[in-house]
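Just the one chain here, laid out as structure tokens, in the form predicted alone.
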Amino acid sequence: MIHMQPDAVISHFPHKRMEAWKWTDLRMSVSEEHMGLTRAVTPRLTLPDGVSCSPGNRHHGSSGVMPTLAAGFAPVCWNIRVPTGLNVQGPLRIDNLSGGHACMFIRVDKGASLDIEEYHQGPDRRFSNMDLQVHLAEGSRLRRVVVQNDPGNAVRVATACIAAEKHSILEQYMLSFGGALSRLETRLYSEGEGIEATMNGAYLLDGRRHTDMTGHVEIAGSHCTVRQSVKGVVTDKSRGVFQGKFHVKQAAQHTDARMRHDALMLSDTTEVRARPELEIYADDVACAHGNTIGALDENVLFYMRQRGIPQARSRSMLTEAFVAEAFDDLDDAASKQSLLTRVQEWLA
């Protein structure tokens, strides 16, 4: 376990001179007053039947500055396993409610299926750093629903590294309301053919909140299908960041990968930074990316007001419809309704 003073920890944080963090300056967003900089935290876990959890002292494949720090400060890695062929009834719930560093490893064995509900919401002026490693064995399925809703003065980094074997399926849906700084990063490594992945999300920011949704997908097998769609809504003096990259290796022939980021700026003092990227070395693929940043359509707003809908209600309805598209493919009715309810509460 690392023993460092808070100021020394902060000096190791990523900063704007690092390319992957140039729009999310973690070092400048954290002070020694933030609780959790030098301590480990144990997430609250609710395990469904058939899923096992055991503490261990091994950290599986941690890489990057923040996962390495999490592994150094957290002496225990929580190892969760779904046995071969098990179709888990009910979700694995992870509540990360306090500040500090945490490490988890989840293995979904061959042909097994798991749903995860992950909630990140801590007290004021807390720093949280979570490293989640996931291994999806052949033919397994994982659905991950993530909600982050910290106070406006909290800082959170949550990194998930997912290794997927052939014919596995990943569905991921994220909803972030930001904080002083929040970064939700997903790194997917395909290790076989026929992998299907959906990585959608939305961020809704007001005040001076900041959210960074970063994704990196490395495709090494053939006949893989990847879909990523992120919707953003920013107002006041908030800042939204989207970074997405598909790295298609030479062996990944017949890949079908599409990425989109769309953001609404509801005031002229907001800021949105977006960088969608494709790096392709295979010659028989269908890959595309797109990015739009704009405001609500004034013509549509005028049309709705002409039919007696108040302006505030019109803006809320259009914004909700815009964000809801990110969750269209989520076929769990309860999870979808929970996400949409949170969107509606933010818009109210």
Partner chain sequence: MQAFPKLSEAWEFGINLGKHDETLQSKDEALMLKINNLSVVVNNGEATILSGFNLDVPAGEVHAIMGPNGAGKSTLSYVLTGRDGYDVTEGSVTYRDENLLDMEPEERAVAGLFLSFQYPLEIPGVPTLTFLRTALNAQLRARGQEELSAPDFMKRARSVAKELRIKPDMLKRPLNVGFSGGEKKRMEIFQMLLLEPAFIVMDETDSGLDIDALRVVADGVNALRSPERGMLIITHYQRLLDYIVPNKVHVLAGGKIAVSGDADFARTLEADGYDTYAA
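No experiment lies behind these values; they were computed from the predicted model shown. Residue numbers count along the first chain shown, from 1.
Quick note: we don't show the form predicted together with the partner chain, though the next part is all about it.
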{"item": "In the predicted complex, the one of 53, 40, 45, 300 near the partner chain [non-hydrogen atom within 4.5 angstroms]", "value": "300"}
{"item": "Triplet 92, 107 and 116 all within 4.5 Å of the partner chain in the predicted complex via a heavy atom", "value": "no"}
{"item": "Contact segment among 317 to 325, 45 to 53, 65 to 73, 27 to 35, judged by heavy atoms lying within 4.5 Å of the partner chain in the predicted complex", "value": "317 to 325"}
{"item": "In the predicted complex, residue 306 touching the partner chain (heavy atom, 4.5 Å)", "value": "yes"}
{"item": "Exercise: residue 57 in contact with the partner chain in the predicted complex, heavy atom 4.5 Å", "value": "no"}
